[in-house]
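Only one chain is shown below, in structure tokens, and it's the form predicted on its own.
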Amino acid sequence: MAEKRYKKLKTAAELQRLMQWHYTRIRLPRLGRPLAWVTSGAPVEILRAMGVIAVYPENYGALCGARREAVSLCEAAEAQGYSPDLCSYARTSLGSVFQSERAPMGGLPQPDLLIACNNICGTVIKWYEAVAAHYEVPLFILDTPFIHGAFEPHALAYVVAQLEAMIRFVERTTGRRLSMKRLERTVRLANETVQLWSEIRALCKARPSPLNAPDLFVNMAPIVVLRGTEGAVRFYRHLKAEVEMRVKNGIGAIPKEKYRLLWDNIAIWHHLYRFYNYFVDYDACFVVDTYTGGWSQEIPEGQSELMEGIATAYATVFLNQSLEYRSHLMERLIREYDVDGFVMHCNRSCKPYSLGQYAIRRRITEGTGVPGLIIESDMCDARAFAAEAVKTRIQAFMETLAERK
């Protein structure tokens, strides 16, 4: 079925160079600039404005998963007593710390400080505490209240206070001071990156869709690890131009798009192309997802205090809100992208993302009439993936969609 595989983007080479540059740069002599390990939901704009180099263990975990090198690192962490039930990003990261000789690129550089935000994950707290103890470096945990409905003023004030405490922590730890001018510039770059990424994702409303899920998953890397930089803005300008050209010329990500699908949860990195090709074989394209939209949160710049804008953006991310909010979002995406069916990854590593999926599936199908499939696997640990069972469930699901057509 090789002729059915979707087309590779021309900007793929630029993306590879950009990510190679990032992982090379963090290993170069830093001339006194401190290096922080940060969670993907942490307010990195503040760190960049303070001249702190940001490194993302979660992105590194995804990289290890995509290279199919995560299992050996998970086993290294498990050998130290960490449970196989823990998040595979955490186990991959800890394994690379304990046995760097097994890790791609020798693992990540040793941090000078750690910043963890619990807005999308609770595991990061204990994970980063373990890393802090191992390297004997200071850790700051930024706490965000869960948003059940509206983002109330008292919750906003609390998160602003958390951000101010984080700034004091970084200043005390590194001796660096925050420049509001640099912060404003970093926020503008971050927002431009977000706008470009949102516009790229919206282009997938076209028929045929110019991108498929693996394109979105791979190309989201700069908005995570290089958010607030000129390099990220430049890359997404080039990517948007290429995707626009595909739409203009009627070029689809797959040769004959027949079914349009929505994906929910983190990618299955270890089977990234093979898994989604199971759907390509049925002429099905994932035109939208909930995961890559998680970094499409702009920082409101019109508020009286920039910190209030940052607090709003980081406290109201997708996974820090109710199941009702998530259900409504998915229903909106189904309508906007004219989706025929949705697939939810019941990801054994990511409990916040996966808990409630059965209830969400029921609500969405009842509300839209669109059927959903739940696939059980793990984002990095290939030991949790049963290929034949997955293929059987996909076949049954696609037969259901064919009957509806």
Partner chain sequence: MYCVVQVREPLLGDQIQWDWNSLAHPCKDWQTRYPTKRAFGYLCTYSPIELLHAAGFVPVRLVQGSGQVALANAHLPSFSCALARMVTERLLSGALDCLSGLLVVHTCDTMQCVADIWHMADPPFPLVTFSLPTVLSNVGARDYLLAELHRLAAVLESDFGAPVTEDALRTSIALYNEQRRLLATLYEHRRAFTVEQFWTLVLSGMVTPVEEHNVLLQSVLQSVEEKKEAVRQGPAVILVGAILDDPTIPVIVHELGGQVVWDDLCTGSRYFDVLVDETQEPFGALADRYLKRVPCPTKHDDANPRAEHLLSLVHRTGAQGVVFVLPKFCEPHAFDYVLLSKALANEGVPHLWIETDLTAPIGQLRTRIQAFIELLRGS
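Residue numbers count along the first chain shown, from 1. Small disclaimer: the values here were computed from a predicted structure and weren't measured.
The form predicted together with the partner chain exists for this protein as well; it is not shown, and the discussion that follows is about that form.
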Inset, instruction - Evaluate N249 for contact with the partner chain in the model of the complex, applying a 4.5 angstroms cut-off between non-hydrogen atoms, and reply yes or no. - result: no
Inset, instruction - Would you please decide whether R234 lies within 4.5 angstroms of the partner chain in the model of the complex, comparing each non-hydrogen atom pair? - result: no
Legend entry - Exercise: G122 in contact with the partner chain in the model of the complex, heavy atom 4.5 Å: yes
Inset, instruction - Answer for L28 alone: is it within 4.5 Å of the partner chain in the model of the complex, judged on heavy atom distances? - result: no
Inset, instruction - Check each of P255, P109, P300, P145 and return the one that places a heavy atom within 4.5 angstroms of the partner chain in the model of the complex. - result: P145
Inset, instruction - Check each of D340, E376, E336, E69 and return the one that places a heavy atom within 4.5 angstroms of the partner chain in the model of the complex. - result: E376
Inset, instruction - Give a yes or no on whether each residue among M19, T24 and Y278 has a heavy atom within 4.5 Å of the partner chain in the model of the complex. - result: no
Inset, instruction - Quick one: find which of 185 to 193, 200 to 208, 223 to 231, 89 to 97 has residues within 4.5 Å of the partner chain in the model of the complex by heavy atom distance. - result: 89 to 97
Inset, instruction - Scan 133 to 163 and note down the residues that get a heavy atom within 4.5 Å of the partner chain in the model of the complex; none is a fine answer too. - result: A133, L139, I141, D143, P145, F146, H148, E152, H154, A155, Y158, A161, Q162
